[in-house]
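Here you get one chain, nothing else, as structure tokens; it is the form predicted on its own.
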Amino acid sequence: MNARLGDRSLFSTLRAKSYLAHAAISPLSDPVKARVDALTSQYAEGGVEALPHWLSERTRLRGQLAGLIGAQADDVGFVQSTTPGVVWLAFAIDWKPGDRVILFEGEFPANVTPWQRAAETFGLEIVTLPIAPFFESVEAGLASVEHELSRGARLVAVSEVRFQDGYRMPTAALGELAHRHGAELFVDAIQALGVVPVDVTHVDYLVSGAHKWLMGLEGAGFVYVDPSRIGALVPRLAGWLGHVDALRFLFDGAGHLRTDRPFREKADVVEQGALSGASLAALQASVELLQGLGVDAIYDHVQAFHDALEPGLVELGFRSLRAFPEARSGSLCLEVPEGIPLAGLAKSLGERGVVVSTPDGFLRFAPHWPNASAEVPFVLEAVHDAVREIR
């Protein structure tokens, strides 16, 4: 089944007339459901006999995910979601007491709490920078970061796209800046991958989950580690799968059960134990659709949708937070007009067949490749009617 931009025929059971909450959870497409059904059927029929095939598919998936970010398959390891990946890395860096970690205000807690816990454990200093300079210009934002880096830092942790306002951070420039000052860059990419082109050329670590713009199922995610950094990591939270030849004693006969094997010096050292096979199969099916369309084409398609939708919303009294072109993402976030309760508005829109999300007090429209610009008049009419009804 081939995907086409603006065509939702692969979402045959989706109820919403206009589903605009891909930045929260994407609905599953028919090919994704079919792949999960195939896996569960094979496990139902053969149990352990199904495992080799799906382990082979996971190997293929590593390469597919690496292709989305300009990396190699060995640089990718699987985790259950974004947060476990951040936690693993936060406790694997070879910290020294007093190392400084630069964060930004307004980050999703998944990219804050693990660094805070690492700070308490290893005696680190957390520095939280204001985000306002980036809203003025990329140059102003980078200048504020460089000022802090000049005081010394070990790591800069940032979201590729901010969940609150949809602002796309200049991660390539941040990586170059961090490296110039002897620091490393960590990127939380869950609000970008699948709708925004991502490249890890200047990124040391990256983590993403599967259930948003990658359009997979909850329970799967991955970690990228720059190969030049992997040797310095300390696998403090490693599980049995992190060892070299971890599976050998199960398949190669007696004499291979050992607990002293070294840890792998690849990104899959993050893999601690059994993973969700269904979630990984779903992710693979969705990634194949995304690669068939091309993320660059998806990005342009979504921007055209926002270009059509944004002016009408502003006319209705909403204040758009959409950034200048180079900082735009898949999300269009807005402040609602005074006197309009956000939760009530989202509920009213849902009743009219328009599904949105409401992160941190903002109204967020997040279309993806199945959404057609022809939906925009319907969405604007739904917003108009919902606002009028509330008032």
Ligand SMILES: Cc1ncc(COP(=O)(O)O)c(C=O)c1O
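Position 1 is the first residue in the sequence shown; the rest follow in order. This structure is a prediction, so every number in the text was calculated from the model and none was measured.
We do not show the form predicted in complex with the named molecule, though everything after this point is about it.
Original post:
Taking heavy atoms only, is residue 204 within 4.5 angstroms of the named molecule in the model of the complex?
Top reply: Answer no; every heavy atom of residue 204 is more than 4.5 Å from the named molecule in the model of the complex.
Original post:
Might residue 212 be said to contact the named molecule in the model of the complex, defining contact as any heavy atom within 4.5 Å?
Top reply: Flag for residue 212 set to yes.
**OP:** Please run the contact check for residue 321 against the named molecule in the model of the complex: heavy atoms, 4.5 angstroms, yes or no?
**Re:** No, residue 321 is distant from the partner.
Original post:
Does the named molecule get within 4.5 angstroms of any non-hydrogen atom of residue 171 in the model of the complex?
Top reply: Contact check for residue 171: no, nothing within 4.5 Å of the named molecule in the model of the complex.
Subject >> The unique member of 276, 303, 83, 272 whose heavy atoms fall within 4.5 Å of the named molecule in the model of the complex >> reply: In short, 83.
**OP:** Identify, from the list 110, 138, 233, 295, the residue with a heavy atom within 4.5 Å of the named molecule in the model of the complex.
**Re:** Checking each option against the named molecule in the model of the complex, the one that comes within 4.5 Å is 110.
Original post:
Where does the named molecule sit in the model of the complex: which of 259-267, 157-165, 87-95, 306-314, heavy atoms within 4.5 Å?
Top reply: Going through the listed ranges, the match is 157-165.
**OP:** Using the arrangement in the model of the complex, list in sequence order the residues of 172-188 with any heavy atom within 4.5 angstroms of the named molecule.
**Re:** Just 188.
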